[in-house]
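Heads up, the chain below is alone and in the form predicted alone; it's given as C-alpha cells.
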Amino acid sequence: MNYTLSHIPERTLKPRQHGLTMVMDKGLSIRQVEDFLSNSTDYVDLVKLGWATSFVTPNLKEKLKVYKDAGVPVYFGGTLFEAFVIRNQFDDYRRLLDTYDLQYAEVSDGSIEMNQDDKCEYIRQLTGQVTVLSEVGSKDEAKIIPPYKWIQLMKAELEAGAWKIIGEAREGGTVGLFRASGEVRQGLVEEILTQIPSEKIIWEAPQKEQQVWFVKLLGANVNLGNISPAEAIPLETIRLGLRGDTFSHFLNGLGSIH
C-alpha cells in the first residue's frame, strides 16, 4: 500500500487459499494483458479465459506466457471442457491442458446435461493432472436448482477432489446464484453456507452490488470470481472498506467526525 490507514481489514497474501479474486478475460489482446497486469497483479489470483474464447484467441501461447511470467495462473472456461466432453473428446481435452502447460482446469455442466457420477469421475481423473475447480449451477435462467441440490452437488464434487467450487452466475451475474435482475438469491447462499465452508467456494459476482453484498456477508477475504479486468482494483477497495459501498463496514464503531 502507498500509505497507512487504520481500521483496514487484514487481507490474505498471495499465494492465498482464500480471499481469491478470479478475473475473467473475455478476449484481451497481449498488449491489454500486459497493461492489466502492470498494476493489478497483486490483486489477481486466477484468470479464466471465458467459456471457449481460447479456441479463437490469436497468439494463445504467447498470451498465456505473459500471464505465467507475471505469476498469475490461467485456466480455460468450463464451457470448453463441456464442448470437448459432448463430442467424446475428453482425452483430447486432457492433452490440450498439457500442450498449453495449464495447472488448473474447470469442470462444469452449465450448458449440457451430465450425470453427477460422471461429473465426479471427470474431476477425479483430472485431479491427477491439474488443480480442479468445479462449477455448480446452470446457465439456463429457467432452470432453478433447489438449495439442497446445490449443497449435495458441492459436497460430492469436493469429495471427488475439487479444490474449489464455483457458484455459477455467468459473466452477467443474472443466473444461478442470482435472479434475472442481478439480485442475490440470499436464502440460497445462506443455506449453502450452513453446509459448505465459505473458503471452499468462489462466488461468481461480476456486478459491483453483488461484490458488495458478499463482502458485507463474508468479509474482506471472500472468494469472488468473474471479475472484469478493469474492476480488479475497484474490487480491492471494496474489500478494504475504501469505497462508499463498504466505507463504514470495517470501522468497528469508530466515531464520527465532530
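Note that the structure is a prediction, hence the values are computed from the model and not measured. In this text, residue numbers run from 1 along the sequence as written.
Not on display, but discussed next: the form predicted together with another copy of the chain.
(message) Would you classify residue 143 as touching another copy of the chain in the predicted complex, given a 4.5 Å non-hydrogen atom cut-off?
(response) Residue 143 belongs to the contact set for another copy of the chain.
(message) Is residue 87 near another copy of the chain? Define near as a heavy atom within 4.5 Å, in the predicted complex.
(response) Contact with another copy of the chain, yes.
(request) Give a yes/no on whether residue 240 approaches another copy of the chain to within 4.5 Å in the predicted complex, heavy atoms considered. (result) Contact with another copy of the chain, yes.
(request) State yes or no: in the predicted complex, is some non-hydrogen atom of residue 152 no more than 4.5 angstroms from a non-hydrogen atom of another copy of the chain? (result) Although another copy of the chain is absent here, residue 152 would stay clear of it in the predicted complex, with no heavy atoms inside 4.5 Å.
(request) Just one of 178 to 186, 120 to 128, 73 to 81, 157 to 165 has residues with a heavy atom within 4.5 Å of another copy of the chain in the predicted complex, so point it out. (result) Of the stretches listed, the one contacting the partner is 73 to 81.
(request) Report yes if all three of 21, 48 and 200 come within 4.5 Å of another copy of the chain in the predicted complex by some heavy atom, otherwise no. (result) Per the other structure, none of 21, 48 and 200 touch another copy of the chain.
(message) Heavy atom within 4.5 Å of another copy of the chain in the predicted complex: which residues of 38 to 77 meet that condition, in order?
(response) Contacts from 38 to 77: 38, 39, 43, 51, 52, 53, 54, 55, 56, 57, 58, 59, 60.
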